[in-house]
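The chain below stands alone, shown as structure tokens; this is the form predicted alone.
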Amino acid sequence: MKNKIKVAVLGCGHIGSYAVQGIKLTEDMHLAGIIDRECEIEKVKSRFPGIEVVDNVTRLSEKPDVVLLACPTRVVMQEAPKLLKLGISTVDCFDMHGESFVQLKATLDPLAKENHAVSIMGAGVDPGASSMIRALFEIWAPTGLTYVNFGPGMSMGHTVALKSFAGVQDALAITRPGRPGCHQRDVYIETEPGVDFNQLTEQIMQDPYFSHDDVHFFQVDKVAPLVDMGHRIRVSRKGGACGIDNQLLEFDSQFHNPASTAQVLISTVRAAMSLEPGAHIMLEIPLIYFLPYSAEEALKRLV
């Protein structure tokens, strides 16, 4: 026990639930507890008997080394700074690309350094693991173009964002393949009684999660029968190596979105224990830090 990484999970939705399950199966980690909203505590306790569930990290019996943030992206912006100020490292699956990601790192990096903690951002499937695949392809073929197609599959972050709008009873966001670099989304919404569907969709299209995408809205009586948490990412690169064109590289994955996201987060917890204080992205971290064995064993198993 004394050599295990003490991990707490913040948020016990789809990703958090799989994270709890995965940590319990991980030999070099110990589940220090679950942090959730006060109104959710009894429900979470009934699902995970014997695990400490609190509404604030300071109420846990033991201080965690790392908190795995399995919460919505916008909650990461609120909770990560609080944890870093306590000297607790964090890993998150923040999934807003571009300027929002840059701004978050600018906020978290000084806090982590001041409090001798580590924050690893965007440690999910995308951004995260698929970003590393794209980087590997550029190492292999430095000239050329990379194409990324997502789906069809459920987008966890976009689905959660939809449910935050007043008037939405339930929702589902499906990402499907479109033109490279352009996301096409099918959004299914079950509204509260009396809600103007057109006004609601206009509000949603103002949100940064959706404003840059090709979105198709569908009003449905029930969302639940439509839910499938599987997803797909296909990364293709057609480029050159040493001046020789037509190097064709392909990565194709089909996966259960929340379980895979949780597993990447768990592996990233391990990496957080080997880094200097500050905010990091997965691309900045040696691969060996994510693995549960030594460099010597990696030499035997992977080289």
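Values in this document were obtained by computation on a predicted structure and should not be read as measured data. Numbering starts at 1 and runs along the sequence shown.
A second form of this protein, the form predicted in complex with another copy of the chain, is not displayed here; the remarks below concern that form.
Item to complete: Report the stretch among 198-206, 217-225, 112-120, 126-134 that approaches another copy of the chain in the predicted bound form to within 4.5 Å, counting heavy atoms only.
Response: In short, 126-134.
Worksheet entry | Of 266, 272, 29, 44, the one that lies within 4.5 Å of another copy of the chain in the predicted bound form (heavy atoms) | It is 266.
Worksheet item: Considering 38, 276, 62, 250, which brings a non-hydrogen atom within 4.5 Å of another copy of the chain in the predicted bound form?
Response: Among 38, 276, 62, 250, a heavy atom within 4.5 Å of another copy of the chain in the predicted bound form occurs only for 250.
Discussion item. Please tell me whether any heavy atom belonging to residue 140 falls inside 4.5 Å of a heavy atom of another copy of the chain, as the geometry stands in the predicted bound form.
Written reply: Yes.
Discussion item. Can you tell me if residue 255 lies within 4.5 angstroms of another copy of the chain in the predicted bound form, counting non-hydrogen atoms only?
Written reply: The answer is yes: residue 255 has a heavy atom within 4.5 Å of another copy of the chain.
Discussion item. Taking another copy of the chain as it sits in the predicted bound form, is residue 82 near enough to touch it, meaning that at least one heavy atom pair lies within 4.5 angstroms?
Written reply: Taking the distances in the predicted bound form, the answer for residue 82 is no, it never comes within 4.5 Å of another copy of the chain.
Discussion item. Is it the case that residue 49, even though its partner is missing from this view, gets within 4.5 Å of another copy of the chain in the predicted bound form, heavy atoms only?
Written reply: No, residue 49 stays farther than 4.5 Å from another copy of the chain in the predicted bound form.
Item to complete: Could you run down 60-81 and flag each residue that has a heavy atom within 4.5 Å of another copy of the chain in the predicted bound form?
Response: The stretch does not touch the partner at all.
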